[in-house]
Ligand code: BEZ
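First, one chain by itself in structure tokens, the form predicted alone.
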Amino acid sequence: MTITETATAHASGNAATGKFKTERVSADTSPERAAAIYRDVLDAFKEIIHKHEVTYDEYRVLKQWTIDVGEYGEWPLWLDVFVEHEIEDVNYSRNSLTGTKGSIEGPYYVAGSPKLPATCTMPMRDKDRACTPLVFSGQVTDLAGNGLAGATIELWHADEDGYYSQFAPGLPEWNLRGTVECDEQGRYEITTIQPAPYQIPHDGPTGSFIESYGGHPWRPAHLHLMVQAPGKLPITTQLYFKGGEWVDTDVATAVKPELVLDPVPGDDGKNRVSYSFALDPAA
């Protein structure tokens, strides 16, 4: 994956799009279902156009903006910020799940991160080690609270400047990324750094979109996690921090009360928090 010399929305967008394009996907959607979805999408557009009496100039701006988003490689970014939370929510509900709630994956997941033991420290630079440490522990269980052998937790998050490894220049390939192999009871203890809020890339057309309605590009501090265990449905989620900036006004509207952590500062300068994941059985 090629990263340019400066951290920009254009560079991050192209990196996210490049990653997505190498992972071709398909859906088992019948022509009848596709036709019904397409009709509803077009009907929704028609309703909006007539309701707001959209002008030709506004229509041309829309066409110009959609072209810009594609050329900047920002469609994964824009869709993951403004659409994915609805997809995640409806799939949790339609499957009648009762385990730990999920959240959006976002555009910056990378498979194949280094395997780490149940008690571990995330890969990080000396610069990161100067930040406030976060000791994050807990257990992966079934719905009855029984620990799950063979559970893994993929963890990734931004550095203190809001950048993700493999999507910005100057960062080690697997910085703040790892796949933790929990112990035989599904327990884990991960030392990482206390993340900070950050702005999504906004020097491109996604930023123009946000500016056009007077919004902001900030995401609250969060951890990304993908939790799996044999015979269980995997979950992809994010965990946030109580009292943090932008928790109530997340640009991606992905915060859920059940996913908010409340770390306790220790005398050793480390913040500590425990959180357990309950997984639903696989279908």
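Quick note: we count residues from 1 along the sequence shown, nothing fancier. Only a predicted model underlies this, so the values are computations on that prediction, with no experimental measurement involved.
This protein has a second form, the form predicted in complex with the named molecule, left out of what is shown; the following refers to that one.
- Residue-level contacts in the predicted bound form: of 148, 168, 176, 200, one residue has a heavy atom within 4.5 Å of the named molecule, and it is 200.
- Of the residues 106, 102, 73, 204, just one reaches the named molecule in the predicted bound form with a heavy atom at 4.5 Å or closer; this is 106.
- Contact check for residue 188: every heavy atom lies farther than 4.5 Å from the named molecule in the predicted bound form.
- Interface membership of residue 136, defined by any non-hydrogen atom within 4.5 Å of the named molecule in the predicted bound form, is ruled out.
- By the criterion of a heavy atom within 4.5 Å, residue 224 is counted among the residues contacting the named molecule in the predicted bound form.
- Using a 4.5 Å cutoff between non-hydrogen atoms, residue 232 does not count as a contact of the named molecule in the predicted bound form.
- You can rule out all but one of 180-188, 106-114, 138-146, 123-131: in the predicted bound form, only 106-114 has residues with a heavy atom within 4.5 Å of the named molecule.
- Residues of 67-83 lying near the named molecule in the predicted bound form, listed in sequence order, are 77, 80, 81, the criterion being any heavy atom within 4.5 Å.
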